[in-house]
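Just the one chain here, the form predicted alone, laid out as structure tokens.
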Amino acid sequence: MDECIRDKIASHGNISFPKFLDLALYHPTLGYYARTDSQVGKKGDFYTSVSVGPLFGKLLARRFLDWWEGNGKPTSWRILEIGAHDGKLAVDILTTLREISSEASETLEYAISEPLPRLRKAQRERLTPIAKRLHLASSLSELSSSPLPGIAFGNEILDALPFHLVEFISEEWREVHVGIGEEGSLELSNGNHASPLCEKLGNGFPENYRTEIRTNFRAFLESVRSCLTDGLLLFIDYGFAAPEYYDTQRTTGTLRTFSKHKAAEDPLDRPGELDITAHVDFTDLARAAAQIGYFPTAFSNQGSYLTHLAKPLILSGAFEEPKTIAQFQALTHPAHLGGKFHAIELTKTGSVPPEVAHRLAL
């Protein structure tokens, strides 16, 4: 991958950071996500809520069933998972839906958008035995030709969207590019003026303040929306509302790399071998959603969100098994995944609850 990036720079000059990410993460054969499907879990590079056990999927399934029942029980509906990895979360969701409501399960199409053939193969092998109707698409546009009512969701997918790196130097914003240094190694260098890119940030930042900007939320959400006639969008990821994300004390941004559960900050170290990510600006996401007619109706940390979903189970005594209790604690404890991640729901209601608007600083 290092040589591939060098060749690109040699042919076209310094490349933008989004282009670098596209190569390092999504190159069809050399990119990080194309290498293996074992990046997640104890033996991989990072944990997700799915790694904890099936409870995460069980709780999401109950939320999706609530949506189906509250919207007239459509006779044909879709759950679209974006970034399904190897399909383990889909198994937990489908299994739970089948256990709770045969009617919902029989009328459901479970769709996944996955550009990598290797992952689609793994998903097909895992899901074909349990999914009544399975649609594995290579892109969201493939699903947009036959939209259905339902839910589109992604767990840790927004942080994987490419982002720009910007730096505040001499009272102006500059975009950070990837080039080749004098000694022949890859290096980050200041490139174009980034004032239009950073218009929402304004000035007043410390010298050499570096952060990340995503400009692709609207295009992404439009692609997702096109796959549904109507429905719910749900995203769970690590991130902040804008005031916290761009706090002047956060001088080096949120960019991180992950390998074997160890975090680092050099994105140029072994490109293609490490995950590269940055937190999500949920305020920016909500504003992009509003531009296409979707509005945030729920926003909270994962602990609060999943506790709300689990409340009926807790009251019924279904959380008596030690294994289930341990999973719930790992998913919701503020010191663990419950405080690290946030969940946002977007719908076409056009009415943003005051507490959600306050949390997102809208």
Ligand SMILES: C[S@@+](CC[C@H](N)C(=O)[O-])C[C@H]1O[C@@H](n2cnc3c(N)ncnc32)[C@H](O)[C@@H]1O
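Note that residue numbering follows the sequence shown and begins at 1. Because the structure is predicted, anything quoted here is derived from the model rather than measured.
Unshown form predicted together with this ligand; subsequent notes refer to it.
Residue contact check for residue 304: none of its heavy atoms lie within 4.5 Å of this ligand in the predicted bound form.
The shortest heavy atom separation between residue 147 and this ligand in the predicted bound form exceeds 4.5 Å. Taking non-hydrogen atoms only, residue 48 approaches this ligand to within 4.5 angstroms in the predicted bound form. In the predicted bound form, this ligand sits within 4.5 Å of a heavy atom of residue 155.
Taking a 4.5 Å heavy atom cutoff to this ligand in the predicted bound form, the contact residue among 233, 289, 82, 131 is 82.
Distance criterion of 4.5 Å from any heavy atom to this ligand in the predicted bound form singles out 113 from the list 113, 257, 105, 283. Only one segment in the set 316 to 324, 332 to 340, 57 to 65, 26 to 34 has residues whose heavy atoms sit within 4.5 Å of this ligand in the predicted bound form; it is 26 to 34.
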